[in-house]
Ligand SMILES: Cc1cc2nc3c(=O)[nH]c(=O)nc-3n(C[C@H](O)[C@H](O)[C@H](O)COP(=O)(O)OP(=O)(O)OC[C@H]3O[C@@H](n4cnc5c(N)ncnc54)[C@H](O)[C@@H]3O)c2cc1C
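Only one chain is included here, represented as structure tokens and corresponding to the form predicted on its own.
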């Protein structure tokens, strides 16, 4: 197989797809190569858009996350207008309960942004049913969520298709062919594929193709369903707790996550992982113990040593990097697409990119 394309994106997760849509909207000819669209970390995440709830300290990473959160409403509307499908974006706010105040009731690092400390009584007025040992928590009204598994992933694929992006599934890149700091082609299970520019967005598998410090960090998750006996949703905002998060969808599905395991590409669900998830979630919201379980799943996040993404130019002149997003791939998809498209098509390097360059390692 020998397919000529102006830009070839390696990876069919949310980062690769968001880039494909953005580049195509700007007039580029784009091909996306994916071994299996279902393997992407996009389908593992809970879809939280939580730069404040994660209490990221003032830093270029916080700036990147906040800029991406600001892009989310317009970005998801764009995808929905292209496809006529929902993305599941919901600015429901995120509540971060605490079991011990220990200074958490002081203003968070993002004190210039809307956030409010709720004491024992106030937090229960906002969210009834919390565990007895919750002493208070922070309310972040601007943080949000998106239904990544059932909506965003499918809508992104459909948007790329509607725009004419060439999506190739079942293509496994086995080697990046190089000569004099240039990629000359990609050796794949379907032959050599060539383009004029390449973008690496293969997530946890990136270190297998280039000498990059990106490794898999396994996450297990599960979902439960609000019983039909409830007249209204008992949970209407995300709970970002200690070693757990609980993410409600509008139709009564509730996502519970997630483990974080340094086990390489070891697959499958484990009893220990699920036990840990359920214990942490039920401690935070005891009513969950009676909700029927819907599904279990697992996948691999692309982690770097400093847990920050790798963005921008690479050692190869016609290769751009967009990988290593770890837990923030869903959150950072809009800003990654914008900044990398600016870099590739207009050679405009946003100052933020310097902080995420591969040479920091």
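Quick caveat: nothing in here was measured; it's all calculated off a predicted structure. Residue numbers count along the first chain shown, from 1.
Below: the form predicted in complex with the named molecule, not depicted.
The chain is drawn here without the named molecule; in the predicted bound form, the stretch among 56-64, 23-31, 328-336, 311-319 whose residues come within 4.5 Å of it by any heavy atom is 328-336. Taking non-hydrogen atoms only, residue 205 approaches the named molecule to within 4.5 angstroms in the predicted bound form. Contact annotation: residue 245 falls within 4.5 Å of the named molecule in the predicted bound form, judged by heavy atom distances.
Contact check for residue 209: a non-hydrogen atom falls within 4.5 Å of the named molecule in the predicted bound form. Within 4.5 Å of any heavy atom of the named molecule in the predicted bound form lies no heavy atom of residue 285. Candidate site formed by 70, 76 and 79: none of these residues places a non-hydrogen atom within 4.5 angstroms of the named molecule in the predicted bound form. In the predicted bound form, 33, 34, 35, 36, 37, 39, 40, 41, 42, 44, 45, 46, 47, 48 are the residues of 19-49 with at least one heavy atom within 4.5 Å of the named molecule, listed from first to last.
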